[in-house]
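Next up is one chain by itself, shown in structure tokens, the form predicted on its own.
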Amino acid sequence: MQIDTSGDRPIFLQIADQIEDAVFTGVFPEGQQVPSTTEISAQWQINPHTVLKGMNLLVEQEILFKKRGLGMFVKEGACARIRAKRQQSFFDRYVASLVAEAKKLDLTREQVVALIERGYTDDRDTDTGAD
């Protein structure tokens, strides 16, 4: 985890984002316990209430669940929920604005698809070192 205490983004949101990312990438598999608020707060010298606020956000989003007396665990289906949330965010941030700009440029759907396909082809060429 990396916490930016001097940035504009609230610390509890940074904690929630990083735990969510760890769940999504398999660091914390579904059903597994995540580090306690005490462990995280001690490691990063953050107020335990701030850590708990971030974890409770993930409970509300059904990413984590509490087992009384045992701690927080990754909820079954958490990865699917995260993927759906991120896909919607991707649409909202990139696709919707791409389509809006394409319409302003009078690009057809086919032209936009061709541009996206070109982007994938260019990425592969860059990855392989080909020009």
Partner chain sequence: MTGIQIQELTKRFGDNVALQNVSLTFQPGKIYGLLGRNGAGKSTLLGIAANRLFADSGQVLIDGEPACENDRAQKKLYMMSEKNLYPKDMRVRDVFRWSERFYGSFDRQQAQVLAQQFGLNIKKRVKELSTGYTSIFKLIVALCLDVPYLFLDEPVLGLDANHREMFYHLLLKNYADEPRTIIIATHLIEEVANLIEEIAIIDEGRLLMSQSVQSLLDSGYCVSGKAGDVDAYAAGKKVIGEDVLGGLKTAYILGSCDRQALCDSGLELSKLNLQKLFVELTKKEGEQ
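Positions refer to the first chain, counted from 1. In this text, rigid core is short for the largest set of C-alphas that superpose within 1.5 Å between two forms. This is a predicted model, so every value here is computed, not measured.
Note that the form predicted together with the partner chain isn't included here; everything after this is about it.
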For this session: Specify the contacting stretch among 59-67, 41-49, 84-92, 24-32, defined as having any heavy atom within 4.5 Å of the partner chain in the predicted complex.
Result: 41-49
Exercise. Can you check whether Lys75 is within 4.5 Å of the partner chain in the predicted complex, heavy atom basis?
Worked result: no
Problem set entry | in the predicted complex, Ile11 touching the partner chain (heavy atom, 4.5 Å) | yes
Exercise. Taking the rigid core as reference, does the Cα of Lys104 move 2 Å or more between the shown form and the other one?
Worked result: yes
